[in-house]
Structure formats: C-alpha cells, structure tokens
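Starting off, we have a lone chain in the form predicted on its own, written out as structure tokens.
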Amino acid sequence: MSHHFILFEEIHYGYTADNEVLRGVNLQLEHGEKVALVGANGAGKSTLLLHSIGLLTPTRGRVVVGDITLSKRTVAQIRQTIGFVFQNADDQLFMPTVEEDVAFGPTNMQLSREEIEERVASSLAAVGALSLRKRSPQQLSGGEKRRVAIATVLAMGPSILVMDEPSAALDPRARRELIALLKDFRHTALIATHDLAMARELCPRTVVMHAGQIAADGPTEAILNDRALMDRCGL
C-alpha cells in the first residue's frame, strides 16, 4: 500500500473536557490526491491538520499514514513523510537567515553538504525566493515569509503536503506562483483554505467541515456550486 495516503479515523478532540472541537471525523486521502479542506473559522480545520503530524493527539480515534499508525513511537518517522506548512509562517522560521532555515531539515536528515546546498537552492528557486537566501526572516514581508516557509517544507522532500491557509498574505502574483507550484507537486496534498477560487483551480476534491464534523465530501465543482451547503456551513 502506498505510503502517500493519509487516514483520519473517527477523530475526536477537545481543547477542554467540555468543548469537543472534532466530533468523529473520518477522512482518507489516496495517493496523488489534492484535497481542499474548507469551512468557516472555528469549524475544526486547523485542529484536524495538527493531528496529521502528532502536534495534537486525538482523545479517540487514530491517524494512519501509509501503513503506519501515528504514535509517540512513530511520530518522527511520519514527520519525515509529511511536510506541514503552518498558518503563521513565523512558526516555521527561527534561524538567523533564510538559507539556514531551509537547510535546517535536510541537515537534521544528515545529508551531505552538497545535497543540502542543492535542496536549499532548488526549494528557494521553486517558490521564487532564491534572492532572499541571505536575508533575515524577520526582515521579510508576510508574503516573502510564506514563500520561505513553503521552501523549508519542500527541502525535506515530503511525500505528503499538509498546508494551513497557504495563500494567506500573498499578493496576486505570489498567489498565482504558489498555485503553479502546487500543481506541479505530484504527491498527496491536503490544503485547508478560505481561498475557494484556489480550491477550485487546484483541487478536484473538496471536503467541507462544519462544527467539528465533515459536512460534505465530493467533487469541488459540485461542492462549491451547492449554495445551500455553502450557506449552511458559513461559506
């Protein structure tokens, strides 16, 4: 079975005992699928995504990546498979320079210096940020930070991309470049977004979350053209 699939099985989670944010979420992505995850603020999208790399642990249910069930023992292995782009780019950028941020993951993979350099250059070039490599992340604009955050993930060579609002803070040109980049990514991608136009262009399948549950799951055109569904789910 392909290691590029991801399964959320009967996921329940609450930040407090009396506030369940996820209420029995079942979702599976097959190899090569690009799936948009949409919903109003508070629907549970970000909370679900954080389960994919073990930053949150379900109170009930399980997450499976390929044939590996996520646990404390397997989380490091799964994080080598999944590239996660956080909603806030500052959560991923902490080194003195852009190139050091992008090199951080490959360095921890104990790659050769030549391979690390190749990954840094190719990942920054892929997001149009090669000219930023000597800059401090703190000196970058919001859109530039977003590009670099994506480059840090691409440098790891992930089999699955999980992205939380990747087009946020991007100007129109950077947004178009991001969409082109993601179109070329041939593996599995789960993209939480409020950018419904991007979802329509990029993802053949869309999943709608509402109040911590899956409200709809189907072809993007059908989902986004269902006005009653969109209104009911605050979209």
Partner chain sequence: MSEQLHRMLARLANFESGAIGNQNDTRKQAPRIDLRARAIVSLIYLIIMLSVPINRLSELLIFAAFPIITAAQTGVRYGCIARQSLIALPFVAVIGVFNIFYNREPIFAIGGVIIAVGWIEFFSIIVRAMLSVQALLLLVRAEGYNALCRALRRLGLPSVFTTQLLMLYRYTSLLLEQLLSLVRARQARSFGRRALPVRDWGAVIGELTVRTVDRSERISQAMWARGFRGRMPDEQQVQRWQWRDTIYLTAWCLVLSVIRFTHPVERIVTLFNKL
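Numbering follows the first chain given and starts at 1. Every value quoted in this text rests on a predicted model; they were computed, and no experiment measured them. Note that the rigid core is defined as the largest set of C-alphas that superpose within 1.5 Å between two forms.
FYI, the form predicted together with the partner chain isn't displayed, but the following is about it.
Asks: Any chance D195, Q213 and R227 all have a heavy atom within 4.5 Å of the partner chain in the model of the complex?
Replies: Contact check failed for every one of D195, Q213 and R227.
Asks: May I ask you to check whether T152 falls inside a 4.5 Å heavy atom distance of the partner chain in the model of the complex?
Replies: Output for T152 is yes: heavy atoms within 4.5 Å of the partner chain.
Asks: Report yes if any heavy atom of S71 sits within 4.5 Å of a heavy atom of the partner chain in the model of the complex; otherwise report no.
Replies: Flag for S71 set to no.
Asks: Answer for S159 alone: is it within 4.5 Å of the partner chain in the model of the complex, judged on heavy atom distances?
Replies: It does not: once the partner chain is placed as it appears in the model of the complex, S159 has no heavy atom within 4.5 Å of it.
Asks: Using a 4.5 angstroms cut-off on non-hydrogen atoms, would A169 count as touching the partner chain in the model of the complex?
Replies: No, A169 is distant from the partner.
Asks: Report the residue, out of S136, S131, S122, S141, that has at least one non-hydrogen atom within 4.5 angstroms of the partner chain in the model of the complex.
Replies: Only one listed residue qualifies here, and that residue is S136.
Asks: Name the single residue among V64, L27, I179, I53 that comes within 4.5 Å of the partner chain in the model of the complex, judging by heavy atoms.
Replies: Contact check passes for I53.
Asks: Does any residue in 191-215 get within 4.5 Å of the partner chain in the model of the complex, counting heavy atoms only, and if so which ones?
Replies: Going through 191-215 in order - heavy atoms within 4.5 Å of the partner chain in the model of the complex - there are no hits.
Asks: Would you say M156 moves between the shown form and the other one, meaning its CA shifts by 2 Å or more once the core is fitted?
Replies: The answer is no; the displacement is under 2 Å.
Asks: So, does R113 move by 2 Å or more at the CA between the shown form and the other one, with the core held fixed?
Replies: Yes, the C-alpha moves 2 Å or more.
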